[in-house]
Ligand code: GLN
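Below you will find one chain, with nothing else, as structure tokens; this is the form predicted on its own, and questions on how it binds or moves follow later.
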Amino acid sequence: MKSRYVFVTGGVCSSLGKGVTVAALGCLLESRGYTVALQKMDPYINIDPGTMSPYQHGEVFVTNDGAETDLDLGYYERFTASKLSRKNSISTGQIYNSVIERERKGDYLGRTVQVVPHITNEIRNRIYALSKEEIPDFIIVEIGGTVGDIESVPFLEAIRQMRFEHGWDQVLFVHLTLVPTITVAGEAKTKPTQHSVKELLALGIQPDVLICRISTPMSKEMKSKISLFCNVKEENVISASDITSSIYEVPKMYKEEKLDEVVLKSFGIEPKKSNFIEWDKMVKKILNASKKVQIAIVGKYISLHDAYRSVYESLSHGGIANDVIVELVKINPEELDKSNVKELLKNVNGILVPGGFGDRGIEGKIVAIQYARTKNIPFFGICLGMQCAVIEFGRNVLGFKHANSTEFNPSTEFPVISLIEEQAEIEQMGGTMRLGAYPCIVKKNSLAYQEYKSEKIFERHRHRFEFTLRYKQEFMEAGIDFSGYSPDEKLMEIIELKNHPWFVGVQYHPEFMSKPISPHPLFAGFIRAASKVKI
């Protein structure tokens, strides 16, 4: 059987939730026994988001094979069983880079290289690549940006060509738009959706399914009106009303709107029986939880929620595992010092310091870690958070007064964190860190082993700096346990603090491996420990 293609575009404005919609549709199709492959097409000219500020693009989600991708791929992995790699994340930069490289080699035999057919063919080839090894039942592709943006035009032309080539029974267009409510009048307006569909029609694309973001469920009359003016069957107009409780209710909302049935019937497929029990059970646990724990996130990008999206989601998964609601207390480390740490952190059950780069806010993070260590508050340090825990311990326990990372002070007297050897000669920034999944040996009789229940794990990395091995013995004698390390024992991956309720730092990013159905063991353990803290 050939793969069927579902292309999801967006109109009216950005941030409508295309990524979550793609993930939710994938979740629903999987619940009916179909296999799916999900892909994101980003219109920016960067090769990937790896060199972008989180304020520009939110977090960078890392796949097993080391691709630095859009945060929407995080939703794809959390909502589905689809295996993601660099093939699932495409940018304009990648497309043009590939075409230009071939032109330089002379592959085009003297022809003029043009957007059509060369750029559009390359886009199509990237889509077809998803079905070369295994053939999924459905390939769902999110076209980033908003219809009307000049950057998206080559992608839209490429998918128009695919409809022309493969026909209506193999290609489906889904368009996500906004139906805004005018606050004063309290009336929902369909005109922006009509204009957005006209923009698509001007590019040769007639949407088959319309998903309308709206504050409250759409009336039958409104669906009829949109159906009439947008030339879409009324049953194919889907109401996507705002979800205020949990993002994991979105698949259930689309299931009630029969989105998966509409997609299947549009392809002429009789829907298989749906098995949504596990997802329903998980959502009920979220909605029925009553006990709350407060977790302080001490990170310099807290003003943008998407900057730590996977961390926040993984904390909520830890809450699901323990039947508790996780409330986030966002702390700016630049505003944290020894004079106010007790006041700012007095009501928290746990402290988490996430990953990041640069020295801004480092001293505040170190103060927060010292507070967690000395007050026996559960602590979780991720990547840079683990490195800050090493610096704090070096300074305040070992007496290395000016202990630091060579990232922040190249001439520090005590470089307890230093550049990985293979990184020393690298000058190019993009895609050159230690990226992707690597094995880690977990020491038995450790807290990490107690949580993982495994001696060998694979976790995803994104960093350049590591613990400096020559200080290992001194740290161990003072109470740090290196409970996880690379198979050759040259890289320390997990640190623990002996005689502490729960104090763990990891050099990798466990948040990229957590799902609501199967919470990551470290997040589950952290929240379990935090829920035992009495404030």
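On a predicted model such as this, the values are computed, not experimentally measured, just so you know. One rule holds for the numbers: they count along the sequence shown, beginning at 1.
Beyond what is shown, the protein has a form predicted together with glutamine (GLN); the following relates to that form.
- With the partner removed from view, the residue among 361, 415, 145, 356 that has a non-hydrogen atom within 4.5 Å of glutamine (GLN) in the model of the complex turns out to be 356.
- Residue-level contacts in the model of the complex: of 462, 126, 373, 78, one residue has a heavy atom within 4.5 Å of glutamine (GLN), and it is 462.
- Glutamine (GLN) in the model of the complex comes within 4.5 Å of a heavy atom belonging to residue 383.
- In the model of the complex, glutamine (GLN) stays beyond 4.5 Å of every heavy atom belonging to residue 235.
- Using a 4.5 Å cutoff between non-hydrogen atoms, residue 57 does not count as a contact of glutamine (GLN) in the model of the complex.
- When contacts are judged by a 4.5 Å heavy atom cut-off, residue 327 does not count as touching glutamine (GLN) in the model of the complex.
- Screening 33-41, 482-490, 49-57, 464-472 for residues having heavy atoms within 4.5 Å of glutamine (GLN) in the model of the complex returns a single hit, 464-472.
- Site residues 4, 21 and 260 are none of them in contact with glutamine (GLN) in the model of the complex, judged by any heavy atom within 4.5 Å.
- In the model of the complex, no residue of 45-84 lies within 4.5 Å of glutamine (GLN) by any heavy atom.
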